[in-house]
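The form predicted alone is given below as one chain in structure tokens.
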Amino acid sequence: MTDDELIWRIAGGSGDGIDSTSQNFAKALMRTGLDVFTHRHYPSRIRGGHTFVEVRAAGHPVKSRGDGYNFLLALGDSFARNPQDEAYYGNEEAKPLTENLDDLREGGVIVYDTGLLDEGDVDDLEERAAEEGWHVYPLDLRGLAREHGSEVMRNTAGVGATAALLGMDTGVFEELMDERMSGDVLATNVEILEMAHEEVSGMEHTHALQLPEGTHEDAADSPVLLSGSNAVAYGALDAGCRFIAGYPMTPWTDVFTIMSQNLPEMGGISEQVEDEIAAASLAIGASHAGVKAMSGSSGGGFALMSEPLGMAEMTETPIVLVEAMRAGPSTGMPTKPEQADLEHVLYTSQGDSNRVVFAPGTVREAYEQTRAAFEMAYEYHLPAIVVIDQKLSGEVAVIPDEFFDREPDPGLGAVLTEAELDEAAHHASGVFDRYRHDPESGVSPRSIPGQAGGRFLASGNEHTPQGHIAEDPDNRVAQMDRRARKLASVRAELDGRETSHQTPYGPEDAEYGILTWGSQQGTAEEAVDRLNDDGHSVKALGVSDLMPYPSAEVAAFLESVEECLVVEMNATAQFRGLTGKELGQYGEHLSSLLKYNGDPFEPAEVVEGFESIVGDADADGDASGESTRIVPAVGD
């Protein structure tokens, strides 16, 4: 974190409107010309339980959560199960204050709502504030909201107080309110906002923290705030997806909800069904019938999709699935991020896998690679899986609206017309040779039910070119080899494209490397900038193509550096293991920095981990910090 940025953390209880308030605050900062990035932390409870959102804003691009934060608005948990210190989970009402102080930066600002919180909730708040140079502003936000409107409006009072302490006027917030509210509700919220602002403006301000200044890089662009879930959903819609089936499961639910809200307007269908087996099966059925379709879930629900996923591979039915990772095994930590489903996604279902797997690293990539997933699925007749996690799915970033100005793709890929079917190979019985042995690319063009001359059988058993069940050894080998050729064809196409899904960052001639995948990409890039500023020679590569693996690109990167640190959020170094499987010759050059406590990496943790390895510090697997663990290179 630098001195020219604001990292505002609003903390309260689930159900207190923390997320919606943070989204509005982030949008207001974006409209002042700042780049914005958010990080969300919440418990697996509908109401109650400590939750917070960080809004990081600066006049320069921000790609990650920061290192700690510098402004705390603590509202207290109004849905706390028990406000007693001796309760099993402690005093939940006070946790929005007590559990946030360790991350507050030196010289930071604290505003806490005395309507729910008391200085006595933190035994040594005054002493700690003096030691850390914190500036504490106790305000009765709850009382102000109750007196002039409703208790739920204490968030509005908190925003007014924040604006006053940062030297902002209330105009941009009032514009946002006017877009979302009307009548008495609007008038009351505006009144509370202005009263809190006026009260705090009249207080003595002892802090030096100010709102950064900035303008968006391209004045012609209209910036919007989008999450990874938004981007996946919009990518699917623009790719021509018109059917989705699903069952709610955090954090996949966001994608499912956004799709369900938008599909009816586009002539599409959304179905919430009884379980994830049914969801995947319905989507496969819709695709078989000639509609671009998708489904998805989080880890536990995706496990139930294992059998239909294998059926899609055997019947060669195109389908796009989203796997939104969260901490496991089993129910694990339902609302916390982790990258531990990689091997599950690559290999679940029986038999040899024939699927495409993309793991976008940013909101922009989530849109682009979801579109690419549909393209690969429908051109090559296999499942394509988009892997995200709770971090990417919920964080929001500033994207130019013009980024989405591109043509939709309503096509169904490698499908024959009836005229082409008339010329295609058929069995003597008249059945279409849907699964021919000979296509060099592995793709045998398909027909859609109802087309003249397109009749074939779609069976989950191994089958003849017409789809009849067969256990003949020669046919088995021919069909397996043909399906395997698809992945080679997909890799050749992706390698031949002008824009790669792998994202290099930093000086090309750097001496050391950082390798990561998925949502940690932006964090690694910020760490690279800091390391180079500190005199190191470092570059990074964010990898999105997980199957088929981009061996040539990753090998070129590893060949160009002396040592490489692999950064990922799991305990078993799954991506390092995949890289070792594909590129075993580089095993002695790869070390791991792992984090799996439910919080994503901060840039400083990556910096510290890198310096521990390059500085030849303990290479015995000991932790590089309280939250991370280093696993040294093989042979060290």
Partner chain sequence: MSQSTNVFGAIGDAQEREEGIDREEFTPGIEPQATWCPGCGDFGVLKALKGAMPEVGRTPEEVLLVTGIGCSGKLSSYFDSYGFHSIHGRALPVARAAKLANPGLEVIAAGGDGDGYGIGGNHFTHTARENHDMTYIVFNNEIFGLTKGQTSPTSPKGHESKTQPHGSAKDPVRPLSMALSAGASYVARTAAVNPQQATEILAEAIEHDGFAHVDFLTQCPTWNKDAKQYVPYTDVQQSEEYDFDVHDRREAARMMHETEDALYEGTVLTGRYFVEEGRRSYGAEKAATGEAPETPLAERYFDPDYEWERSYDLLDRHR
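Numbering follows the first chain given and starts at 1. Here the structure is a predicted model, which means the values were calculated and not measured.
The form predicted together with the partner chain exists for this protein as well; it is not shown, and the discussion that follows is about that form.
Of the residues given (Phe79, Tyr89, Phe404, Tyr347), Phe404 alone sits with a heavy atom within 4.5 Å of the partner chain in the predicted complex. Taking Ala303, Ala556, Ala187, Val273 one by one, only a single residue has any non-hydrogen atom within 4.5 Å of the partner chain in the predicted complex, and it is Val273. Partner contacts here mean any heavy atom within 4.5 Å of the partner chain in the predicted complex, and among 485-493, 407-415, 510-518, 534-542 they occur only in 407-415.
Contact check for Asn230, Ile277 and Ala452: all three have a heavy atom within 4.5 Å of the partner chain in the predicted complex. Contact annotation for Pro550: none of its heavy atoms lies within 4.5 Å of the partner chain in the predicted complex.
Put simply, Gly506 is far from the partner chain in the predicted complex: not one heavy atom of it is within 4.5 Å. In the predicted complex, the partner chain lies within 4.5 Å of some heavy atom of Gly285. When the partner chain is considered in the predicted complex, Arg242 lines it closely, a heavy atom lying within 4.5 Å. In sequence order, Ser447, Ile448, Pro449, Gly450, Gln451, Ala452, Gly453, Gly454, Arg455, Phe456, Leu457, Ala458, Ser459, Gly460, Asn461, His468, Ile469 are the residues of 447-483 having a heavy atom within 4.5 Å of the partner chain in the predicted complex; the partner itself is omitted from this view.
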